[in-house]
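Shown next as structure tokens: one chain only, the form predicted alone.
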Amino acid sequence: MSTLVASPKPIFDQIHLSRDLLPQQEYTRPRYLLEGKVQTWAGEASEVASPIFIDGQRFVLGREPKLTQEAALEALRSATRAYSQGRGFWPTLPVSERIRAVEHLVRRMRALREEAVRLLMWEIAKTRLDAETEFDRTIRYMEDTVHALKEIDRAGSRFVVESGFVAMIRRSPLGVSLCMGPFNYPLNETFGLLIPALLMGNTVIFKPPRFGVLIYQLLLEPFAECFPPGVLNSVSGDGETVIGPLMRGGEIDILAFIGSARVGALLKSAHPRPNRLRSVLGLGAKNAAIVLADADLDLAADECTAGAFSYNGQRCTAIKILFAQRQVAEECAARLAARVEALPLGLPWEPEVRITPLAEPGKPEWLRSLVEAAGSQGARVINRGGGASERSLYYPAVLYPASTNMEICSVEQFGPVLPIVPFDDPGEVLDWMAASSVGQQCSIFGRDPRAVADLIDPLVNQVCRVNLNSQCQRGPDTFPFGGRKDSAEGTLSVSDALRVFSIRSLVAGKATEGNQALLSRLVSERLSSFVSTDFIF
């Protein structure tokens, strides 16, 4: 492996704290949401420390509660009471009223934008631009989800007459949902589970991710204000202490989790009635980019740099391995390395910064071990400064030539390291994709329609999205977002999420005069929330 030519500039030694940079609220009181009230936790709590070092130490931002098993079970009892086997206030509430509650939450959240952005910068070192984008995208997602639900409800607010039967077919909730999002998008991904679950009439227990927890301390009052008691409850602390008992009791109806496949499997296996459990899982990925010999190499280098190193590569949709046809592999690697060398690194609030500290303690050391192992097998770090680190900061490393027998080519690195593997026959890449245990997305860079088509047709049977001459990504949120194999269970998008958190139910009867008169009165006298032809504007 090549010797590092240059190390990244030190970024922590010159920080001068300014009140204008810090979060403006205090987060020293550990709090959680239970039965519609913001509770202060008097028990054990954990320090929430930033990956940003001040005077040689991680800067402490606040504290989060470490709930006990009994406290977690009380949250479950609260959610179960609120659902009340489908007879509770929230699941029987008209769709229009549930929409009104979420629209109220949107208004409350807009006023908290700047504080939320600061928390994302300090707790998970997301750049200001990325933090602002995540917040704004979450608001837009909520608005789009409300719009999609209105469309679904309008389609269901009519009677269907078929073969002598009259029926109304609509979507109804499933029960108590446990929602857990990841640290890399602690607001957007968690809300991508929580909001559709609530809108469809389920009650929810949510656990903030390991990092990115304080943004939920900020949102506790809006949650309490917008939703009835028990409809939304929070738990935090050690997963085995607070999540294990929730699953083992069998009262969770929906498991909505984005994280590792290992944890997802453990959670599912803990449930005593798996046939009852609806699972919505976003798990691991090892998304590949395939650069063909006729590809536009500048375009490929631009897209793959963004795809592999945006937010330090800490995205499930990140490009985590690049296959380049041998005729262009060396040139492709050189162009990509040059672009990576130009990525500005520093602190999240600094203008134009692209590479920031890593949120997970010990992550730079683990990445270094992967790079060193690849180096012992013949790969080289080809970008200046690649693989150097300063405390929680790890400078991106481009490895070339890599081979698929290296650990870096099989594990999900979830960090700023990209191996580039030269290949001769595209069949080699297809074999690797078929043997992989995950299957979320891939990218193809090329201009020959026949060569691209020869890859598309087998790849759509291995992954859920093939990106043409562009990086792997989730958006737009109206597109399906899913995965094959161990990458996911269930499909998320604005409309798909509403469907996955609900089930089709119908009220039907023979189209007799008596039934027609009965249904007419149910509608005209507004006696039922389900049997209703109200049009939601």
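All values derive from a computational prediction rather than experimental measurement. Position 1 is the first residue in the sequence shown; the rest follow in order.
What follows is about the form predicted in complex with glyceraldehyde-3-phosphate (G3H), which we do not show.
- Contact annotation: Gln462 falls outside 4.5 Å of glyceraldehyde-3-phosphate (G3H) in the predicted complex, judged by heavy atom distances.
- Asn184 belongs to the set of residues with a heavy atom inside 4.5 Å of glyceraldehyde-3-phosphate (G3H) in the predicted complex.
- Residue contact check for Glu134: none of its heavy atoms lie within 4.5 Å of glyceraldehyde-3-phosphate (G3H) in the predicted complex.
- Contact check for Arg380: no non-hydrogen atom falls within 4.5 Å of glyceraldehyde-3-phosphate (G3H) in the predicted complex.
- Proximity to glyceraldehyde-3-phosphate (G3H) in the predicted complex, taken as a non-hydrogen atom within 4.5 angstroms, holds for one residue of Thr317, Ser392, Gln325, Asn467, which is Thr317.
- Put simply, of Arg474, Arg499, Arg31, Arg58 only one has a heavy atom within 4.5 Å of glyceraldehyde-3-phosphate (G3H) in the predicted complex, and it is Arg474.
- The candidate stretches are 184-192, 104-112, 225-233, 166-174, and the one lying within 4.5 Å of glyceraldehyde-3-phosphate (G3H) in the predicted complex by heavy atoms is 184-192.
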